[in-house]
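Next comes just one chain, in structure tokens: the form predicted alone.
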């Protein structure tokens, strides 16, 4: 009897998963060139599919199966963890009226299209009413679901279970205290890199070939994915055998595409290496956005911006860049690639300033949901914080408050995972060196597969079987700790800029 209920449950969640795969495919299509005239109909279709998923997640059938599984005594790990996931979803969604959820999903799809146009026109006023409605919906959903300590905690739990505002306030304060003065020291340092070669004209077609080559180099399987161009780069896992990567090309700064491609490639490697046993279950995806970001940032920062990596890959870059770097020594290129200069755009931010971008967004989101900030005030507050933390001020909304896609899709609570991911990645790198003390040599000798296999063994293969804090504790023996990241950044940039 117990085997029957397990089988029935797995078949049911597999059907839900199939709907989600269809929705993911439509989301990818919508961001990679789908016709604008199709937005209303596509929003309606997504609304219908999401309503079906929502209904299945809170159905009497789901309720009865969860109750039956509660009484079962011999559940497999896959069924047990899938049941926990579905129980959490059931508890959350039964508190939200189905018609409101469908309307919200349709709003998300429309808002994202409006955001794209508003960003292009540098016009926050165009997007403001949609953002106000998105925030309003989420405030209602928080009230329906309930919260402990702070209303924003409910949204944080969707992306990084178990990490709440008290932890983020403490860790982000530690980061700010160390990074803001370090950024100023680097900006005022006498030694500065020559970055002119980075901005030479680099045709998009050649950058696309380079991006393909680098993705293959880090282990991305093109038989299980593809690379496309988009306004805002992302990776999307439809299933472990179909994980797609996108990038954005800038013909006068090839780093935007190259480092962005490596970043999204890190996300994709996570999804491609999840245990195939989990396909069709809620476990067939990353366990949290923080762990997901740890993989993308590990490959972007600790691999893609390291000197050992470029000792191996620099000839590949020269092959695709024409004569752009013929007269540039590797060490000079490495210094230029790792230049720290406050940037207005998060996805173009360097290692040293990256977390400050995230902290800015976290503070604004937290304020929106505790009621101390209104949507209409976001452009001014954004600009003020940018000037305070990084010493620069946006000239328009496109390079300021409108630059990220996340708010248009209602992804409130997502941003902190970027900084958490960077912290996790540094903790993983520190732990990895115990097993792979020859980390640098592996990168130099084109044995990046050994590093990737370590990550698959400790992170990727588990999908959502393990919770994020379990993964970090099992790898490091600790909880969230910003010290490895601060040590890494302080040492690296003090050496590069010869700080006293």
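Think of the rigid core as the biggest set of C-alphas that the two forms share within 1.5 Å after superposition. Positions refer to the first chain, counted from 1. Small disclaimer: the values here were computed from a predicted structure and weren't measured.
From this point on, the text means the form predicted together with another copy of the chain, which you will not see here.
> So which of 32, 438, 445, 61 reaches within 4.5 angstroms of another copy of the chain in the predicted bound form, heavy atom to heavy atom?
Answer to the contact question: 32.
> Exactly one of 26, 66, 450, 473 has a non-hydrogen atom within 4.5 Å of another copy of the chain in the predicted bound form; which residue is it?
Here the answer is residue option 26.
> Is it true that 37, 239 and 279, all three, sit within 4.5 Å of another copy of the chain in the predicted bound form, judged by heavy atoms?
Yes, the whole trio is in contact, each within 4.5 Å by some heavy atom.
> So if I measure heavy atom distances to another copy of the chain in the predicted bound form, which of the stretches 66-74, 428-436, 42-50, 461-469 falls within 4.5 Å?
Of the options given, it is 42-50.
> Taking the shortest heavy atom distance, is residue 21 within 4.5 Å of another copy of the chain in the predicted bound form?
Looking in the predicted bound form, residue contacts with another copy of the chain include residue 21, since a heavy atom lies within 4.5 Å.
> Would you check, heavy atoms only and a 4.5 Å threshold, whether residue 395 touches another copy of the chain in the predicted bound form?
It does not: once another copy of the chain is placed as it appears in the predicted bound form, residue 395 has no heavy atom within 4.5 Å of it.
> Answer with yes or no whether residue 224 is in contact with another copy of the chain in the predicted bound form, where contact means some heavy atom within 4.5 Å.
So residue 224 counts as contacting another copy of the chain.
> Using a 4.5 angstroms cut-off on non-hydrogen atoms, would residue 244 count as touching another copy of the chain in the predicted bound form?
Yes, residue 244 is a contact residue.
> Using a rigid core alignment, state whether the CA of residue 437 is displaced by 2 Å or more between the shown form and the other one.
Shift of 2 Å or more: no.
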